[in-house]
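Okay, so we've got a single protein chain in two different forms coming up as C-alpha cells, structure 1 first and structure 2 after it.
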Structure 1
Amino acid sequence: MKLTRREFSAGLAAGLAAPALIGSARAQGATIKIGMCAPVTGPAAESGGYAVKGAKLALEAVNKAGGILGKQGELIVEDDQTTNPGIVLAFSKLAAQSDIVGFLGSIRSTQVHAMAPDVLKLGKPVMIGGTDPNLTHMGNKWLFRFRPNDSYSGRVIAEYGVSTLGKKKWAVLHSTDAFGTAGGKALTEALTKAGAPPVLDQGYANQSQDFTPVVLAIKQSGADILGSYFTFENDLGIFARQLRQLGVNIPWVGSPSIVNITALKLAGPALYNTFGVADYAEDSSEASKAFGKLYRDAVKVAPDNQSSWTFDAITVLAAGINKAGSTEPEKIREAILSIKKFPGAEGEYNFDQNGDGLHGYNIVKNEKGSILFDKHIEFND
C-alpha cells in the first residue's frame, strides 16, 4: 500500500481525533496521562534520549490533532537505569499513579521480561519494543509490540546471507540475555532449515570490555559470514573495532542494533559495508520518510528504531483510546488489536491476537556511514 505524506498526515489526524467517540469519554482529570520507562541513566542513556524524543514528537502531533478523548495527552517518564531492577522500580512508580491509562516499556527484551509479571498484575496496556518472540506468547494479554519479533529477523538474516550473499559457513554471535538467546536460536533454526547450520554458535556477556576471545573463536572457526544479535550498542562498537583490528573482514549481517545511531558513532568505519535487518528504514515507505523528516527537523540528527517505535507506540495508543471512546483497559486492548493497515514509521501495523503489530523486516547496508535501504521482506504466516 503506497501512501503520500499528505495522506499519511490526514489519516493520522483522523485516527487520533475520532470526534464521534470523544463525546462518550469518561476520562477524569485535565490531561490523559501516559507513563514511559526509559534509560535516562546507564549505558543506554543516549539511545534512551532518542526514545523519549520520539514519544514526545508523537504526543505533540496527537495533541495538535485534537488530543486523546478531547483532552491533551501528557507523558510521564521514569528512569529505568538500563537495568532489570531499574525498570521494575520505574514501572512500579508509574503503576502507582492510577490516572495513567497506558504505558511504554522497554526496547530491551530482558527488561520487558523483568517487568512483565507486574504488567500482568496491573492489567493496563503496555507498549513494548523488545523483540524476543516469547514476550507475546506467554499469556500476558497487556503487552503490545511495536517492532517485528526475532522469529522474523532470524529468517531475514538467513535468507539474505544464504540466498543473496551466497554464504554457507556461518558464525552466530549473540548476547546471553533473553533477547540474544532468542535471536541466536531463531537465526540458527533458520540457517539449519536453509541447509547452512552454523559452524560456530558463540554467546557473550553484556557490558564486556574485551571481545578478543570471541573474535579469535570466529577467526578460528573458518566462518565466511557473521550473523549477530547485540543487546547494547556500546558492546557492538567495541566488538566491531576489535574484529577489524584482528583482521576479520568477512561479511556481517546484524540485528537492528548494527544500524542504531549510537553504534554507528562508536564503531565508525569498522561497520562500513555491513548489512542489517532494520525495523526502521527511512526510505522504506512514505510514512517512514514523513517521520524521518519530522524527526530530523526537530532533533537535528538522523532517526533510528529507538525513536521510531516510541513514536508509533504513542500514536497507536492514542488512536486506540480514541477508537475505544474510553480509558477502560479492556476496551483499549480490543481497540488496539482491531487496528489494521495503520501506516507507521516502523511499517504498516496489522495487529494479531498476540499483540504483534509488525510482521517483516527491511534489509539495509552501511555505505561509508550512510544507511541505505535495500528491500523489505514481509511474512504472512
Structure 2
Amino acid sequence: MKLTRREFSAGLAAGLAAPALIGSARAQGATIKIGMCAPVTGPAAESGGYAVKGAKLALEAVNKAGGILGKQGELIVEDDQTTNPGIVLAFSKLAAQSDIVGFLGSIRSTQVHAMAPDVLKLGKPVMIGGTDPNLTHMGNKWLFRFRPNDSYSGRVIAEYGVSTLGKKKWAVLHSTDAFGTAGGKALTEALTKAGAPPVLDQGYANQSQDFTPVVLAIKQSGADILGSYFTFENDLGIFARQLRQLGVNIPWVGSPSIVNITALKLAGPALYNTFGVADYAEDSSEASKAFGKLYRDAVKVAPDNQSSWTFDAITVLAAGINKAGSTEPEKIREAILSIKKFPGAEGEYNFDQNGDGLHGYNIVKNEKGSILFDKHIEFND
C-alpha cells in the first residue's frame, strides 16, 4: 500500500489532534467526577469503609434526584492509608485528574493539615471532617467543614452543665496533647464567661495506666460536675472505672470520645448517666433520622459521624454545583458559602465565610449503655 503525501499529512494531523480531542470529550464527559481520600487501609480502615458508604449513599440519592448539572455523579476513591504521607499521595493522584470538580478530604485534622498546602495550590473545593478550628481559619479558602469545630464543643459542654444541669463548681480534665489542651482551654474560657470558673483544671498525659491521683484531686476539689476532653478511649475507660470505684458520682459531661462505641464497651456501667457532645445524633432532626434509616437499610449497622459527614459533604457539594450552574471552582465556592438552613444528617448547614457549615452540637445521654439524644445547642456567632 502506497501512502500519499496528503494522506500522511492528514494522518499526522489527526494523530496530533486526537489526544486533545479525546481530553476535551472526557472533560465534557458523561459524569461529574468527585474525588475522595479515604482510609481504605491502615488503622482506620473500618471507619474508612463507613465513610465511603456514606458518600456513595449520598451520590446515589443525588443521581436519583436528577444528578449534578443534569449528569450522573461519579465517586473516585483513593486510599489515604490513614497516614499523612498517604493522604498527600492520594490527593495528588486525584488532583492530577483535571475532570474532578470537587474532593472529600479527611475526618482527621492532622491529615487535613498535611494536604492543605496542595489544596491551596490546586484551587478546587475540598470538603473536610477534621474539627481543629485552625483548619478553616488559616487562609485556605478551599476547605469546607462538615462537622462543628472544637471551639463549639467547649461552649456547649459549659452551657449544658451550667444552664441545664445547674452546676457551678466544675472540675475540668483534659489530655495534655493539642486536642485536649485546646478543648480544655475552650471549656475553661466558656465556664469563666458563664460565671463558673473551674475549681480544678487538670491535665493528664496520654496512655496513663493509673488515674488515682487525678480522681483524688477531683474529690478534694469539691467539684459538683466534671467536664472532660479525652483523646484515647483506653484512658477514658481506665479513668471512668477508677472514678466510680473511688466513689466520685458527680455529673460528667464529656467531649465526643465519651460516647464513642469503644469507650462504651471498655468502661461499661462506669459511663452510665454521663453526658457527651456528639455531632451526629440520630434523633436530633428529621434529616438525621432519614439518613439513619437509609444507612441502616443499606449497611445494616448503626450510623455514626464517620458516614454522616461524608453523606452531607456529597449532598452539599452537589447542591452547590447545581446552584452555581457550573463546575468552575470559584463559582462552586461562592454557591457553597451562600448555603443557608440546609438540612443535613449532622445538622442544619449555614456556611460562614471561613467555610464552617455547622455552629452547634448535640448533647446526648448514656442511658444504661444506650446513647439517647437530649438537646441541640446552636450558636449564631
Partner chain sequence: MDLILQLLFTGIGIGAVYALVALGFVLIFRATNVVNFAQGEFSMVAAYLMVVCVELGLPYWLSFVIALAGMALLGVIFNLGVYYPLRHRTYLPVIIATIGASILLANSVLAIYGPQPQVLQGWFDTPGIQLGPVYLDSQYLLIIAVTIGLVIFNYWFFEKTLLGKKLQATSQDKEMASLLGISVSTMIMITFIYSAVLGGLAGILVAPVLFVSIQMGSTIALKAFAATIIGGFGDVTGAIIGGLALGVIETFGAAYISVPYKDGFAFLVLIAFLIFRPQGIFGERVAEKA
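Every residue number counts along structure 1's sequence, beginning with 1. Predicted model only: the values in this text are computed from it and were never measured. Under this definition, the rigid core comprises the largest set of C-alpha atoms superposing within 1.5 Å between the forms.
Peer 1: Looking at both, which one would you say is the form predicted on its own?
Peer 2: Form predicted on its own: structure 1.
Peer 1: Does the C-alpha of Ile261 move 2 Å or more between structures 1 and 2 once the rigid core is lined up?
Peer 2: Yes; Ile261 is a residue whose C-alpha shifts (by 2 Å or more) between structures 1 and 2 when the cores are overlaid.
Peer 1: By the 2 angstroms cut-off, has the C-alpha of Phe275 moved between structures 1 and 2 once the rigid core is superposed?
Peer 2: Yes, the C-alpha moves 2 Å or more.
Peer 1: Rigid core aligned, does the Cα position of Leu187 differ by 2 Å or more between structures 1 and 2?
Peer 2: Yes: Leu187 shifts by at least 2 Å between structures 1 and 2.
Peer 1: For Lys365, what C-alpha shift in Å results between structures 1 and 2 following superposition on the rigid core?
Peer 2: It moves 2.4 Å at the C-alpha.
Peer 1: By how many angstrom is the CA atom of Val214 displaced between structures 1 and 2 after fitting on the core?
Peer 2: Residue shift at the C-alpha: 9.9 Å.
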